[in-house]
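Listed next as structure tokens is one chain, alone, in the form predicted on its own.
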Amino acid sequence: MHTNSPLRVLGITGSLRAASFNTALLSAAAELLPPEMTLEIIDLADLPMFNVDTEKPFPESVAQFREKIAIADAVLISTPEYNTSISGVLKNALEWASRAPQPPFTNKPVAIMGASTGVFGTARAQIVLRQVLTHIGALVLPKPEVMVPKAQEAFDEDGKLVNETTRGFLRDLLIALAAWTRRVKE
């Protein structure tokens, strides 16, 4: 990676819901990216449930998912909070990624964020996610943190992030992720 080449960021949402606030948060990130970054948002719907009995040969959707992580300079994960933890779909994706012969999250810069309709704004889910990512070798950006509480008030009816304070936090996270990624890659 040359210092002048754009940083390729892979955006992963932990929600399959069509009107997901976490997918909308990634869309807001795409709007607010620093000029030296690109963002590709992927959907986890095609990943089968992890099962050791069916992992070899790896399903094609799993191979493609791992390849996208591997070629990205960094990963940005937006997680919902379900029952004080991450969603099953996100945990499933991380299971598949971690089982690769060369796990693609190893030494990969990762930033996490999340939106929830509750008052804690995914704080508990992000603790769990940080723990899982650290265990599988990811280099998780320590700060800033983006936890969007009462997401129904931060986004408009079209899913656009309209809360200016939250947009500022998100912009700061993206700037920090760019710096973190360049530092890690040196």
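A residue's number is simply how far along the shown sequence it sits, counting from 1. Given the structure is predicted, the values throughout are model-derived calculations rather than measurements.
From this point on, the text means the form predicted in complex with another copy of the chain, which you will not see here.
In the predicted bound form, no residue of the candidate spot (A28, T38 and I112) has a heavy atom lying within 4.5 Å of another copy of the chain.
Proximity to another copy of the chain in the predicted bound form, defined as a heavy atom within 4.5 Å, singles out one entry of P34, P142, G118, P48, which is P48.
Just one listed stretch, out of 65-73, 156-164, 128-136, 142-150, contacts another copy of the chain in the predicted bound form at the 4.5 Å heavy atom level, and that stretch is 128-136. Interface residue remark: S87 is counted as part of the site for another copy of the chain in the predicted bound form, having a heavy atom within 4.5 Å. Using a 4.5 Å cutoff between non-hydrogen atoms, Q102 does not count as a contact of another copy of the chain in the predicted bound form. Although the partner is absent here, L94 lies within 4.5 Å of another copy of the chain in the predicted bound form, judged by heavy atoms. Residue contact with another copy of the chain in the predicted bound form: D53 places a heavy atom within 4.5 Å of it.
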